[in-house]
Every structure is written in structure tokens, then in C-alpha cells.
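Heads up, the chain below is alone and in the form predicted on its own; it's given as C-alpha cells.
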Amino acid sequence: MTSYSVFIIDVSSRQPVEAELLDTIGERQLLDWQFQWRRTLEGYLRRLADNGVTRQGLDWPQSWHWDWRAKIDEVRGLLGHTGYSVVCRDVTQGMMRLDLASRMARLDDQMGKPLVYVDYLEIAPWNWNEPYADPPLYRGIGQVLIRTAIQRSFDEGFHGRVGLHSLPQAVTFYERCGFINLGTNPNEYRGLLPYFEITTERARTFL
């Protein structure tokens, strides 16, 4: 495991704070997810329900059912898959799983070229800026992880190309990062998740 120093924003002070970027999602991160993320999420879901928000509502978190332990077990030991996590003040603040081997670019000017595919990216629920949630503790975690995916693409010789399918609630975030929305495909994720891709030029701009 390698640790890198990164900076995220402490929302209460509006000041940057140092965090660790780990090139793994280890047992410590999964325990944080299991016992801290889930507890916070369950409280938030109860608050949504108390305010009349249903699972079909637009404000219900679309990643509420994600099981990070299962997601890591699914690719454990497989070549071409890796994970990253952001840790601040000894608590995991965000995680991302990458596929480095099985996806190809779809944009016309880079069609068929290899890219880094973001399988999953999520930040801890106490960092969400969502209706009925408490004010977030930190900001900038998602940007750190996207920057990491782009840098990994350059390191792999993929020239910064990154692709992903986005939950509808995250579309605006990826657009702000410079990703291009290629729309949905009825043969992928039941046609519900739009596919995004970033070009080499946009990747360099983001970095």
C-alpha cells in the first residue's frame, strides 16, 4: 500500500486540510464503511422517510444499497482492477474502484482506445450536500478521486482517457469535472445510467 498526501476542504473552517490518498481499499476502509458509513446512512434514510421521501423519490440516495465489501470481494485478486480511498483524521472519506483492462473509449476521436473505467465512486454520507442532510464535513473528495483516475490513465499510457456510468444524481458533478455525456444505452444498466467520457485535452485541463 502506498499513501499520498492530498488536500480536501474542511467545510466548517473553509480551509484545506491534509488527507491521505491510499492506492487500495483495505479492511480498515471496509470497516469504516460497515460501521460508520452505514450508521450515518441509516440515520439519513430515516430522516428522509420522516419527511415523506420514498425510495422512488428524487431525493432518495441512489447508492443507498451499495455494498462495498461485496464490490471489493468481486474483483479481489483479479488483474486489471484496483481501488483507491481517501482518509482524513483516521476515517475513510471516499472510495473508488477502477477497471484498467476491459473497457474501450467510445468518443469518436478516441474510439476503441483503452481507458480507465470508474466502476464505482462514493463519498462518505456525512460529506453529502443533499436535502435533509446535515452540513457536510468535507468537500473535494470526489475531485481527488477523479484526479486520481485521470492520473492513473496517464500512468497506464491511456493519455488521461476515463469513462464511467453515472447515477442520475451525480450527473452534474461529472459534467463539472469536464466529462462528456454520451447518453444512455438500453442494453446497459436497463438504460438508466448515462455514460460519460473525458478526452485527453479535458483531462489535462482538469489536472
Partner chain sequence: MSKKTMTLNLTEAEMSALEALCAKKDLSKTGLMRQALRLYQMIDTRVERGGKLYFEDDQTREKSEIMML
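Nothing here was measured: the structure is a model prediction, and the numbers come from that model. Residue numbers count along the first chain shown, from 1.
Below, we refer to the form predicted in complex with its partner chain, which is not included among the displayed structures.
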Worksheet item: 147, 159, 165, 38: which sits within 4.5 Å of its partner chain in the predicted bound form by any heavy atom?
Response: 159
Worksheet item: If you check in the predicted bound form, is residue 152 within 4.5 Å of its partner chain, heavy atoms only?
Response: yes
Discussion item. My question is simply whether residue 136 lines the interface with its partner chain in the predicted bound form - judged by any non-hydrogen atom within 4.5 Å.
Written reply: no
Worksheet entry | is_contact(residue 130, its partner chain) in the predicted bound form, heavy atom dist at most 4.5 Å | no
Practice prompt. Although its partner chain is absent from this view, report whether residue 13 comes within 4.5 Å of it in the predicted bound form, heavy atoms only.
Written response: no
Worksheet item: Even though the chain is shown alone, can you say which residues of 77 to 106 have a heavy atom within 4.5 Å of its partner chain in the predicted bound form?
Response: 77, 78, 79, 80, 81, 99, 100, 101, 102, 104
